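Heads up, the chain below is alone and in the form predicted on its own; it's given as structure tokens.
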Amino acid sequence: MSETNPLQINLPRLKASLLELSNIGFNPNDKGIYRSGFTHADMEARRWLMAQAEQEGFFSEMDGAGNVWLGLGELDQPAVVVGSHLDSVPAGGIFDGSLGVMAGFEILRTVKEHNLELKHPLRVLGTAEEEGRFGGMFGVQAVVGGLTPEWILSAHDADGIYLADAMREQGLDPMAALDAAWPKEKMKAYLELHIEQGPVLDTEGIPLGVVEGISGVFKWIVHLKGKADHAGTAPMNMRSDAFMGLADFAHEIQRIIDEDGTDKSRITVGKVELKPGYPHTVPGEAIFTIVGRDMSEQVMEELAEACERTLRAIARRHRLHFEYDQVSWLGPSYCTPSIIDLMEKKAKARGWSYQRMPSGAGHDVQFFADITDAGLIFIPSVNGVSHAPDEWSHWHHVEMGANLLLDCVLEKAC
């Protein structure tokens, strides 16, 4: 196909597949999708997809980590891999993850339908447990060789259910996940399509995002400790009010970003606990999280230092003791420049507008970028909503994103 008359995916077929998949794990009460990793609904979705692929004559298998692989062509050359995840958050939407997998499946159908000859085998991947029920991105970590026996056996969810037990309940051997790793030389590229899960593209009226990379992220748990006191008898100027320390810090966040961050910086206080937590008692302790993000690890370090300086000054002002634990620090991950250029080239060839942008959320692509050429396409999320039943993306944007993905796949595989 020429660039003036490019190949097209079949939108009605893709739409039907996405809607059929959305029935698995659907809760009619809140209209959300419930396919948390290694639940019965999650495994039903994986078996459904494999059956769909086999009915149409495609290669299909589940590896030891629960990842589903579909494909065309023998692995006698490095493979072009297209994918995303099949699991969901509780009460999730129909596009998050599923769009990328089903768009890949539609590309397989399109290639077969038009009898295209591929120089490189094409594989579609539905990763397992990307949403972090057990604290990681299990499926993709298995593929890139990032798992250890210790991690597999120690990982558990918020309810105390161990990953290994959840896998055994679904008939999977947890240690078999260690056999799911791909050698770097077996993979030519990894390409992913995903909804933005944020408001930028929708607000600015831009149909496509070409993702430059995944923001790094650090997480702290902060303790400000003062003195609980009677809310009626303790004068305002004699209190050691931990909440006032938290409130002062919240007002400083924008200043910290203005002075030490970039337009890609984010600082969020997402969870707060006040003790003793009684209406008539001055809070003696505030426990809260700080999550910081940026595309530069140096900027992340400067943001972290600024947060610490600010909190120490606030603690002195309010007669509080300040301490924090750094729970995690994950540096930024960058998509491959040649893949970014390819996505831009193909969008321009179709006459479509796009925006280069970072992703503040984690995606499978960030792990693949360590072992192969990797890139990520965004389409708009209506009102920026995701991880909720009212998550939605317009079908014409789905079609554009899938066609751009198709163009890039054909460039790499043909």
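The term rigid core refers to the maximal set of C-alpha atoms that superpose within 1.5 Å between the two forms. Each residue number is its position in the shown sequence, starting from 1. Source: prediction; values computed, not measured.
The same protein also has a form predicted in complex with another copy of the chain, omitted here; what follows describes it.
Candidate site formed by V217, T233 and I267: every one of these residues places a non-hydrogen atom within 4.5 angstroms of another copy of the chain in the model of the complex. This chain appears without its partner; in the model of the complex, the one residue of S240, T289, S296, T336 with a heavy atom within 4.5 Å of another copy of the chain is T289. Note on the partner interface in the model of the complex: the residue among E204, D179, E323, D165 having a heavy atom within 4.5 angstroms of another copy of the chain is E204. Residue contact check for E302: none of its heavy atoms lie within 4.5 Å of another copy of the chain in the model of the complex. By the criterion of a heavy atom within 4.5 Å, V282 is counted among the residues contacting another copy of the chain in the model of the complex. In the model of the complex, at least one heavy atom of A361 sits within 4.5 Å of a heavy atom of another copy of the chain. Of the heavy atoms in L72, none are within 4.5 Å of another copy of the chain in the model of the complex. Shown alone, this chain has one stretch from 224-232, 140-148, 106-114, 336-344 that lies within 4.5 Å of another copy of the chain in the model of the complex by heavy atoms: 224-232. If you take 246-260 and check each residue for a heavy atom within 4.5 Å of another copy of the chain in the model of the complex, you get L246, A247, D248, A250, H251, I253, Q254, I257, in sequence order.
The rigid-core alignment places the CA of D260 less than 2 Å apart between this form and the one not shown. Taking 2 Å as the criterion, R109 does not count as shifted between this form and the one not shown: its C-alpha moves by less than this amount when the rigid core is aligned.
A displacement of 2 angstroms or greater separates the C-alpha positions of K227 between this form and the one not shown, with the rigid core held in common.
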